[in-house]
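Just one chain is shown here, as structure tokens, and it is the form predicted on its own.
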Amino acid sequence: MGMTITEKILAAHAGRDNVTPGEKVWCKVDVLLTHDVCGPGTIGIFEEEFGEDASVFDPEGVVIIPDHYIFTADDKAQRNIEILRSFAAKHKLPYYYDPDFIPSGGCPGEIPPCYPDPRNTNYGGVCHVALPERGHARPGEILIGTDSHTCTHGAFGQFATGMGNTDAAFVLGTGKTWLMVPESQKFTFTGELPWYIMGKDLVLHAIGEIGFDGATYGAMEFDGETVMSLNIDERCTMTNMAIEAGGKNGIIAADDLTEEFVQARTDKPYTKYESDPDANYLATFTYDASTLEPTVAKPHSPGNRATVREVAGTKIDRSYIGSCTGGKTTDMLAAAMVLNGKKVTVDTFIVPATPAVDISLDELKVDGKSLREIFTESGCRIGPAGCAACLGGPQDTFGRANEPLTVVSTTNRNFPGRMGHKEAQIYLASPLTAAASAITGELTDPRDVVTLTGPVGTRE
């Protein structure tokens, strides 16, 4: 019996010829990622268990990107950044992306006075978008992160998963981890992608099919001509949300587009794997993408699926376009193509995921206007690159729902309290749907607002 791509990667890192689901294996880890929310805890456990003078397993294999609570005057948030900064300096870590533009005391009051020039900072932005941008996501590797959405990086044909602080501290000290080989489910999308369907619609459809726990400790493997027609941003959207079905990892086999992206950002060697034709799957699903509808996840679960037209007319108070799931360049472009020449009727927040995405707001144009001009003219508020309100954050976090609002959001989670207020009603949607809804003030299928000439997120 052949092996899946997930099984092959784990076997290689365990020094084995093969592995089977359910086996527990020691694996070598290539990259450990952490950020300002979980990094201090991981560091504390590492120093307690290995000693304050212990060395990390490989300075080149540790990536630290503060991103969650950056633009805030909160003292505890600023303290966390200082802990990371001191640790990185002590261990001479080359891949610490410092938000060095933060003034003493944080950013009191309105955000704009603290808005950084993205061209003059080493800051990475949202870790799951910054990691690939900076060349740390590579095919065939094992990447561990102290964040559940580390599964994003499976879009590069690698095994990427989130772990808690204790397990991450062990990785930090040894470069190894203990994993149970997950069972794989395969989700194949075929057919031509309509312009109104994005990666977010595809993955919400799949999660809705199996439920929020339908892939618990499993691998969600995405395949098919439709998936391989997507650009890197859109592939990352799909693997990012594997955890929302309980998945241990999401994964897409690396192809020529993957290699082109990776080789432009790093010269480190890597190994490509693909699933064998006779690999065994717990379940397989096939969808014709040409027949799918724009999709949302209703409160309060990413698995609470509905088509946009089934909930059309639901009044919203806010539209939020950002995060590792919905703040990439393709997401910004999709939103701008809908908002071009139109005005929003509700508060609309635009949050680029990284400084590079921020820069693209000025460089990319639609009908001769930059994306930033389109957003500004339409009445949107643009924030600095970061996680912002996706995980709620302190009261002064940009875009945080401090009232029981109804929000359409391009983020990945809609649990109670996720974006701030525990009674806020969060609908997860694609940037196309979020932008269309911002114009009408109610949940709206993008087809009812605009017609585009082709899919935004395809390779072309």
Partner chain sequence: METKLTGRVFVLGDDIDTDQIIPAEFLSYNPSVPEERKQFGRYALCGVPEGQTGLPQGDIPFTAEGKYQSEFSLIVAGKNFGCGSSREHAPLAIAEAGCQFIVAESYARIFYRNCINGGYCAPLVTPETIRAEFSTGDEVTLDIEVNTLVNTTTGKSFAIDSLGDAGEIISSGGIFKYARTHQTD
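Residue numbers count along the first chain shown, from 1. Given the structure is predicted, the values throughout are model-derived calculations rather than measurements.
Below, we refer to the form predicted together with its partner chain, which is not included among the displayed structures.
Enquirer: Have a look at 379, 164, 135, 341 for me and say which one sits with a heavy atom within 4.5 Å of its partner chain in the predicted complex.
Expert: Here the answer is residue option 164.
Enquirer: Taking its partner chain in the predicted complex as the reference, which of 360, 304, 80, 229 has a non-hydrogen atom within 4.5 Å?
Expert: None of the other options qualify; the answer is 80.
Enquirer: Quick one: is residue 422 in contact with its partner chain in the predicted complex, heavy atoms, 4.5 Å cut-off?
Expert: Judged by the heavy-atom cut-off of 4.5 Å, residue 422 is in contact with its partner chain in the predicted complex.
Enquirer: Taking any heavy atom pair closer than or equal to 4.5 Å as contact, tell me whether residue 216 reaches its partner chain in the predicted complex.
Expert: Yes, residue 216 sits close enough to its partner chain in the predicted complex that at least one of its heavy atoms falls within 4.5 Å.
Enquirer: Heavy atom to heavy atom, is residue 49 within 4.5 Å of its partner chain in the predicted complex?
Expert: Result yes; residue 49 sits at the interface with its partner chain in the predicted complex.
Enquirer: Report yes if any heavy atom of residue 391 sits within 4.5 Å of a heavy atom of its partner chain in the predicted complex; otherwise report no.
Expert: Residue 391: contacts its partner chain in the predicted complex.
Enquirer: Looking at 366-374, 221-229, 169-177, 346-354, which one sits within 4.5 Å of its partner chain in the predicted complex if you count heavy atoms only?
Expert: Single hit among the candidates: 169-177.
Enquirer: Can you work out whether its partner chain is within 4.5 angstroms of a heavy atom in all three of 37, 76 and 418 in the predicted complex?
Expert: Yes, all three are in contact.
Enquirer: So which residues in 144-160, when you check its partner chain in the predicted complex, have a heavy atom no farther than 4.5 Å from it?
Expert: If the 4.5 Å heavy-atom criterion is applied to its partner chain in the predicted complex, 144-160 yields 146, 147, 148.
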